[in-house]
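Next up: a single chain in structure tokens, the form predicted on its own.
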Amino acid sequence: MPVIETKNLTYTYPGGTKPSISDVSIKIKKGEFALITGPSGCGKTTLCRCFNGLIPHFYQGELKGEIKVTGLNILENPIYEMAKHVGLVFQNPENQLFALSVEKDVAFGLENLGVPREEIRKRVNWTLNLTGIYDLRERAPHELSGGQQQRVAIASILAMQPEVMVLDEPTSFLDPLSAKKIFKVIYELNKKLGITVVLVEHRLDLTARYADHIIVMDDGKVVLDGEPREILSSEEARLIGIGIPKATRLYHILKKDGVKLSNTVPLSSDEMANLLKEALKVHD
């Protein structure tokens, strides 16, 4: 059974003249690393807000169609119920952090869920270690760098041990190196803990290699949905104007020019470098 399933999901914000998302039907499997991408304003963030019930319970507006997340019908379950199953990491970590110390911020959600004290302490330490910020636990979040703040935001969601983690462009305020580190942490959480990850991101150079599944949106609709190597090699993806990884583009240019490369399309510069090494060996 899919962990997220929508059927003909259509949503219009209060006072909106046209839907922000229209007829969206997708399935995301348990344990998948799913990447949602597409041009700015195509409805990615709106879709994420549906996954944890912010739409329709907080934003109101008009929601049509069906949506189930971890087997729960979003329309019938309040936000606090969904928060036990789905964690949402926002674009700007400052919107999520407000306590006087990192430790208190990470513990906040658990306190709200009524988790026993001893269990809170255990989970907070576990998550701080996992995200590499244990030594910052007594620091105030506003004193930290953007990358550190984003790790605290991820840790505070992780501590609640959700089945699904939704991250909405979590590195848009970070430089590529800090972003790369954050994506690595997210990937490891997906692989080690089996958490289903839904990542909204346009920096595909840094993220495509981690995805099992990619969903491309345009103008509120899902236009491509499937296996990353296949989709990122398609003409449609190029025409929509998403940031196809440079390694993927280079691969297709070289193939066109008759360079003999294996049939595995690279999604990152490391993969491309390995392909070229192989090609040179054959040549020698």
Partner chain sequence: MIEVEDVYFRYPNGVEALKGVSLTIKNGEFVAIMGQNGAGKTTLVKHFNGLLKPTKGRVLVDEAETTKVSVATLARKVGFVFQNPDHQLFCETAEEEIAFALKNFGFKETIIKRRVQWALNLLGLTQYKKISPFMLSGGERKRVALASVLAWNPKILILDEPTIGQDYQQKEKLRQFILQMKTQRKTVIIVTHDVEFVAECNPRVVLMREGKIVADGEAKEILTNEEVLTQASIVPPQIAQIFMQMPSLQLPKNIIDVYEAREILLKMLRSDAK
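Positions refer to the first chain, counted from 1. Model, not experiment: these values are computed from the prediction.
Beyond the structure shown, there is the form predicted together with its partner chain, which is absent from this document and is the topic of what follows.
When its partner chain is considered in the predicted bound form, A247 lines it closely, a heavy atom lying within 4.5 Å. Proximity of R121 to its partner chain in the predicted bound form falls outside the 4.5 Å heavy atom cutoff.
The closest non-hydrogen atom of M1 lies beyond 4.5 Å of its partner chain in the predicted bound form. G132 falls outside the set of residues with a heavy atom inside 4.5 Å of its partner chain in the predicted bound form. Stretch-level contact check against its partner chain in the predicted bound form with heavy atoms at 4.5 Å: of 22-30, 249-257, 50-58, 223-231, the positive one is 249-257. Only one of G71, P78, P176, G194 lies close to its partner chain in the predicted bound form, with a heavy atom inside 4.5 Å, and it is P176. At a distance of at most 4.5 angstroms from its partner chain in the predicted bound form, none of the three residues K7, G65 and L189 contributes a non-hydrogen atom. Contacts of stretch 264-279 with its partner chain in the predicted bound form, defined by any heavy atom lying within 4.5 Å, are made by L267, S268, S269, D270, M272, A273, L276, K277, A279, listed in sequence order.
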